[in-house]
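Encoded as structure tokens, the following chain is the form predicted alone, with no partner shown.
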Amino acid sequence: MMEIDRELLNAGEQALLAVMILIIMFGMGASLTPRDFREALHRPKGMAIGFLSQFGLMPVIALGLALLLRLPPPQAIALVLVGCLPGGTTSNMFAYFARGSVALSISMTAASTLLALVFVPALLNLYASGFAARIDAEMLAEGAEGFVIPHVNIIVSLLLVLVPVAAGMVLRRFSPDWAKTAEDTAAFMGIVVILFLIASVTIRHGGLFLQTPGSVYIAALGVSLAGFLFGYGFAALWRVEPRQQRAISLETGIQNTPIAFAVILLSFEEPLRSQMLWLPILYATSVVITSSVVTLYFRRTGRIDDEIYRNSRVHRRLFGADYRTPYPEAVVPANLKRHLPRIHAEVVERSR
């Protein structure tokens, strides 16, 4: 079992991390508008499938990996927490480069961030209670006070995270230029946070990389890859158009790790805090790599359907709302022909 004999981050590092999280969530809010929430109502099928992937598949995937890899209870709870999180604005950027539906991605991010207030504590209680019971039994056997998942603290920490998000949205409403600056700063800060955490751990716990079992690395890497795979497969099963399939896949696999850091820092005590924090750090690092690889694959395979979508939007603006582009048989691959009506429906929806 991986043991961390002292705090992973000292008080000063924790305070600095908290400030970085605040900046990231403020920037996330600055990228959102009330319209993003209203957009969710205009694409109910894509949103419903996305939410089932986000809050249905991902927690089960995380639980399955924790059981399959026999993770120690603290790391298992941390992995389940990562699986229960909403998507982050990073997924919107990857959806853009992957030729996915950015509108759907943004709508899912906005709505899932609000729903996280209910779903994260509920799902964590549902899927992590068994691991919490093992920690409780171990602590009682050692004569220490028992352990339960601190649901109230988790809800409070989620509320605190939503405050800078709301503040960022207010800034976007009254000062779009400053909001764009905050959004760009948050994107840069996301990279800084990962580098900061890795550097802090390397300096103060250099042997932790070798001490960490392979199962923890596999869990951190596997949860995002499984999320991409099952999210894409689930969306394809329901036959949404390809651009939405790619967006749902990325939204499912890319979780909002700053929220995980905030929940762990504000809700758990040492030594559990340090034992839990390491896995989200590894996930945040590895998901940048896995997301990039998946995005490059999606960008290559989605070229034709994305061009059809963009051309259809241009043709609709030029020739009228009722115009439907008559693509020649030779232009459209066989596997895309059945998606043409759905692509056209998305064009109509986005043109409203």
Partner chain sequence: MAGMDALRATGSHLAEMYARAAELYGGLPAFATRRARGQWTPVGFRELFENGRALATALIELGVGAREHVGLLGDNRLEWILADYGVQLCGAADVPRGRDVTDAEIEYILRHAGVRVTFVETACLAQRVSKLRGKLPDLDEIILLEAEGSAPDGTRRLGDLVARGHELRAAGDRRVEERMAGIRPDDLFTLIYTSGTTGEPKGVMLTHANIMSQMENIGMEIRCTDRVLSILPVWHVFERVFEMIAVSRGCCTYYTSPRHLADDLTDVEPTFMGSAPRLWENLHQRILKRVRETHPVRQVLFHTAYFLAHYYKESVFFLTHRQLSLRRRGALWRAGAVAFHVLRWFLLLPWYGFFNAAVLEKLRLVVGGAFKGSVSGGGALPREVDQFFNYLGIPVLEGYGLTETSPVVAVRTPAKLVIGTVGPLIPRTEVRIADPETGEVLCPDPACPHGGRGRRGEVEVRGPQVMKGYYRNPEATKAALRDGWFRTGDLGMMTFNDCLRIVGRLKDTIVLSSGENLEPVPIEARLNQSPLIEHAMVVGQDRKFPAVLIVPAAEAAESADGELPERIGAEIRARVSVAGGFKAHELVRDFRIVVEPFRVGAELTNLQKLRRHVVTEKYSDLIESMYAQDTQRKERKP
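Numbering follows the first chain given and starts at 1. Values in this document were obtained by computation on a predicted structure and should not be read as measured data.
If you look for the form predicted together with the partner chain, you will not find it shown, but the lines that follow are about it.
Although the partner is absent here, L114 lies well away from the partner chain in the predicted bound form, with no heavy atom inside 4.5 Å. Looking at W178, you'd find a heavy atom of it within 4.5 angstroms of the partner chain in the predicted bound form. The closest heavy atom approach of R35 to the partner chain in the predicted bound form falls outside 4.5 Å. Contact between L65 and the partner chain in the predicted bound form is not found at the 4.5 Å heavy atom cutoff. The listed set L159, L195, L237, V118 contains one residue whose heavy atoms approach the partner chain in the predicted bound form to within 4.5 Å, identified as L195. The listed set T185, N125, Q211, S215 contains one residue whose heavy atoms approach the partner chain in the predicted bound form to within 4.5 Å, identified as T185. Partner contacts here mean any heavy atom within 4.5 Å of the partner chain in the predicted bound form, and among 89 to 97, 105 to 113, 276 to 284, 262 to 270 they occur only in 89 to 97. By the 4.5 Å heavy atom rule, the three marked residues R303, R310 and T325 all count as contacting the partner chain in the predicted bound form.
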